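For this one, two forms of the same chain are given in structure tokens, first as structure 1 and then as structure 2.
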Structure 1
């Protein structure tokens, strides 16, 4: 077989393969990667003529076998993953039959599909740029196949030029094309959910790993909510078995009904504010919410005032929530009251005794709880992310011996105490605080802002109590970093995180700017949906009342199209015709009507001869025109006077000819 690939194309093909495979690295089976690299290596060896091309039978059986293996390997990861793996398998196998230009086209097109899949997993600004790079790489492969004679510099110039030309078109299409609902949904991936979990066992956590990964961002329509009020509620943990806080069966049932879109109804009153949330994908349905919030579409309220999305958040998504001052109180049913005061029968005797002793002293239940909280701030309790492990009697151990822990320990002890006293209480997990970026008015909340607090039922409504605030008030006011006495605990192990190095001002500026850019990207690009589109277009066209929106969109698309046409044909670069050429072209048009069309390579004399033959009589005027034309155009050193004279003659001749005097 004659090798049709140039060395450059082969290098580009391999590069784009490796880049695309690397971009999907987290989502594919490493075995497939190894297989693909082997295929690529085989193609390189073939290029050097060390192996011969595979027989068709072998190729087909290899394809079938590897397809089967891949399906077996990734079957459990769900349909989407199987599809991804099969496409990548096809992409890799293409190396084995890269025999003609057509095969390269297949390769490149498959590559484009893989880049599209890459965008399903990634949507930040940096990854979008990376995706753009992948597309450029694939286009470079095409260029190297179709323009092998161009120099590398010319090829890159062409590549970037064509990419630059298509950008404005892409922007206009992005702005005006309506967002269609997806034809098929990406099935929920079996991916580790980041962020909060639905159960927590404080005693078993020796070290809480904290991540600086982004959880969500929020911006407020009105004034931002005060720092001490930034409690983002996510989940209620209302069952305790002595070791683990988790959701009761009733709560779990309620979570399930979310997918049916059933919302709990409770009256909200006194609208204060509203805020926009941009959630990072966490593959669950929860939406962090301030007290008390409501989202009109696409989300439902739970009876515990938290919000749930109707669909799992598997890509960056935004929600607009309204914030209300108060919620109408409802009565607690006997069943709920029983669940919310339920504790294990046995264990934690010291705590129970202590509580009983306080009651015996004649203190009211409220006072006892207050005493506990005051104890947190007064006694030797300390806030740490690396607490000692607790024994079987968790609450006793924590309250009376270790006296060190983080939010879950404090909230857990408090709820335990409240329930022991017969007061309905529950643990709430969510996020606290966030980093306020004043210039763009948005709040960045990261995974390390995760928090747990308590709520107790008092006077017919739920009251928030944050026991952590008593032991470490800085946690509420300054955030996590401020609360830790030993700052090396903050983001321990995450050396690459920019958060870790925020005390270096240059790096901190960089981090803030990146965050800002990513925020704008999320607001204006990722979450540019039909609603935003409508708003944007209406705001543009509101100024021109006579412009119907539909026509406006058409005009914009037309403009983009025109732009591309102009950039392609560059009429402004068209050489300005000389007078004699213009006259000549006029005459050509005249004779073309008579059926004599000048051949591309024909000179004016040949054309004259042609005309003479086809109209079958001498054409002295046109022959004279031809002679003068040649003189004017080609004779070097004509004086200006001679030129003018010749031009005049030519004009006269042209007029006469077109008047039919020839």
Structure 2
């Protein structure tokens, strides 16, 4: 087979494949990536003539066998995942039949489809820039095929110029084209969920609190809620097996029923505010909520005041909620009361005996719980992300031995004590606090803001109790970092996180600026939906009552198109002539006055010979002029120095010819 690829084209093709495959690494079976790299290596060996092209029968057999194996490997992950793997398989197999420009076109177009799939899984500003780079790389492949005579610098200049010229039209189309819903569901089986789960053991939230990953952002219609009230409820844990707090079967069934139907109904009164949430992907349905919130149509309310999205949050998603002052009294069924006071029959005898002893002293149940809380602040309890390991009797070990722990330790001990006293109680997990950025009026909440607190049933209402506030009030007022006595515990091991180094002024400024940029990206790009589009366009065209919105959109698109045309063709610019062309035209004008006219289609050499014969001057000047002109015009690979030298010689020849010298 005659090789049609250049070395540059082959390098760009392999680079584009490796870059696209790497961008999808988390969503692709590694065996397929290994197979693709072997196909790319085979094409490189073929380029150097070390192997021969595969027979068509063998190629078709390899395609069928690999397709069968891929389907067997990934069919359990759903139709979308199978489709993604098959497209990447075709992308890989194309290496085995790159025999013409048409095959390269198929390769590049398949690459564009894979980049589009990459954007389904990734939406941050950094990954969007990466996706843009992948598109430029694929376009560079096309340029290397269709403009092999151009130097790499010229190809790069043309590539970036074309991309820059296309941006205005792309921006206008993004603003005015209707936002369509997804036509498919993204498979969730392989996605690694981050954040809180439906069960927790002492120390698990402490591990989560070592992460600086973004959890969500919030902005308020009115004034933001006070720092001490920024308790973002996510999950209610109402079952305890002696080691782990989790959701009971009743809670799980209620959540499943509500997600398939309507929100739980309870009365809210005294609307205070509204807030918008932008959640990071966590591949579950939970939505953090302040007490007490009511959500829009895309989410539902549970009876425990938690919020749930109707669909798992697999990409950045925004929700709007109304915040109310109070919830009307509700009754607690006998079944729920039993569940909320249920404890293992055996274990933690020291705690049970201590509680019984306080009751014998004549203290009420409420005062016993208050005594426990006061002990957290008065005794040698301490707040730490690295607590000692607890034994089988977790509550006893914590209260009477280690006396060191994180929020789950304190909340768990309090809920256990309340239930032992017959008071319905439950653990709440979520987030506390966040970093307020006043310039753009939004709150940033990260995984290290994860928190757990308690709720007890009193006077027909659930009352929030945060035992951590007694041992480390700084946790509520200043956040996690301010509550730790050992500052090295904060984001331990995350040395590349800007959050860890925010005490350094210029790094903190960089962190805040990146956060602002990312927030604006999330609001105006990722979550630019039909509602925002309508609001934006309405605000623009409201100033011109005579201008219909549809016509206005068409005018915007037309203006963007005309801008692209004008920038591309530049009709206001005259074509700049090269120096050699100007000298040649001057020579033609000079001899036209003497009656020597250049014929249509006549070459420079023929025209120079025609001049020599017409004026009957046997001089080599005309021949030298033609030779230098042709070298300047058509000889490839001239250096800047060589070109400068030839132009000077051509200018001297032009002067000598017009001076009548031999």
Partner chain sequence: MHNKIAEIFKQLNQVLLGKEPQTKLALVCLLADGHLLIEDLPGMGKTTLASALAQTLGLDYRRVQFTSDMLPADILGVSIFDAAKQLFNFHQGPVFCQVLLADEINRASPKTQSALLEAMEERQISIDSDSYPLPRPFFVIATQNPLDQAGTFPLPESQLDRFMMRIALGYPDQSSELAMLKGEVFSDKKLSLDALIDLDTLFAMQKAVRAVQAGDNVLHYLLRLINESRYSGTYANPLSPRCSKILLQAAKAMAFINQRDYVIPEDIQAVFIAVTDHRLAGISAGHGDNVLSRTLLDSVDPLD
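Positions refer to the first chain, counted from 1. Here the structure is a predicted model, which is why all the values come from computation and not from measurement. Basically, rigid core = biggest C-alpha set you can superpose within 1.5 Å across the two forms.
Of the two forms shown, the form predicted in complex with its partner chain is structure 1.
After superposing the rigid core, the Cα of residue 650 is displaced by 2 Å or more between the two structures. Once the cores line up, the CA of residue 600 ends up 2 angstroms or more apart between the two structures. Taking 2 Å as the criterion, residue 523 does not count as shifted between the two structures: its C-alpha moves by less than this amount when the rigid core is aligned. For residue 625, the displacement of the CA atom between the two structures, after superposition on the rigid core, amounts to 32.0 Å.
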